[in-house]
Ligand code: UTP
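In structure tokens, one chain follows: the form predicted alone.
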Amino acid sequence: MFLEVVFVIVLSVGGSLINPGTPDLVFLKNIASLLRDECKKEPIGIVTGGGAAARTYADAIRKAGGGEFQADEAAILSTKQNALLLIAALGDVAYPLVCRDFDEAAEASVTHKIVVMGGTIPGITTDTDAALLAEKTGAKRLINLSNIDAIYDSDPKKNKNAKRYAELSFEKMLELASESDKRTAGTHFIFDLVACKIIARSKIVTHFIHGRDMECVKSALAGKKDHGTIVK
């Protein structure tokens, strides 16, 4: 039996930030510096995505004759490699192992200020893992760091008139995520639909921001208004 520490903040860190093709040591240094300062105030849970490496290996598994389950397993390994990179950058404030599940993450938070996970099981995204970790530990806010600066009503890369949202209700976020889920293959909403449903059911305040904008990340960590989208 252990004393479970509640994470005040959970971060979902996109794999494209950690490893856009090769490990981005500048990003790792910058985000680690911010998190080392922030964790002095409150414990932080982190889930890392797989990024380009995850997609490359998943595609290769399929082309080699493997099924979707095996493709997901390969992608999960990539998320854990990214988790190890972040743990190395964080140093001794972080639990030294990649947590395998939510119980291990909660237990590790008793002795370490920052705990890092990768993906957990085939079939769910690391967005969903982050939402579940926030829900389990009673986090006050979830911060999604990606290479997209906010939530839009359509793909801003394809539609120059796409509407950018500074703030959204949980209901509107679910509406947008559901619409995206019905689009043609290759489109992707900023957050997985299942993850959206989890943060909506538990009313977890969620920030969607560009992970390379360190001032914006700093504001979100402090619970202040940032340049991205806040869902609440």
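Predicted model, so just to flag it, every value in this text is computed and none were measured. Residues carry their position along the shown sequence, with the first being 1.
Missing here is the form predicted in complex with this ligand; even so, the following discussion is about that form.
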- Check, residue by residue, if G45, A105 and T111 all come within 4.5 Å of this ligand in the model of the complex, counting heavy atoms only. no
- Message: Looking at heavy atoms inside 4.5 Å, which stretch does this ligand contact in the model of the complex, given the options 28-36, 201-209, 171-179, 52-60?
- Response: 52-60
- this ligand isn't shown here, but in the model of the complex which of P96, G123, P156, G138 has a heavy atom within 4.5 Å of it? G123
- Message: With a cut-off of 4.5 Å between heavy atoms, is A89 one of the residues that contacts this ligand in the model of the complex?
- Response: no
- Message: I'd like to know if A150 sits close to this ligand in the model of the complex, meaning any non-hydrogen atom pair within 4.5 angstroms.
- Response: no
- Task: Evaluate A75 for contact with this ligand in the model of the complex, applying a 4.5 angstroms cut-off between non-hydrogen atoms, and reply yes or no.
- Result: yes
- Hey, which residues along 80-99 are within 4.5 angstroms of this ligand in the model of the complex, non-hydrogen atoms only? none
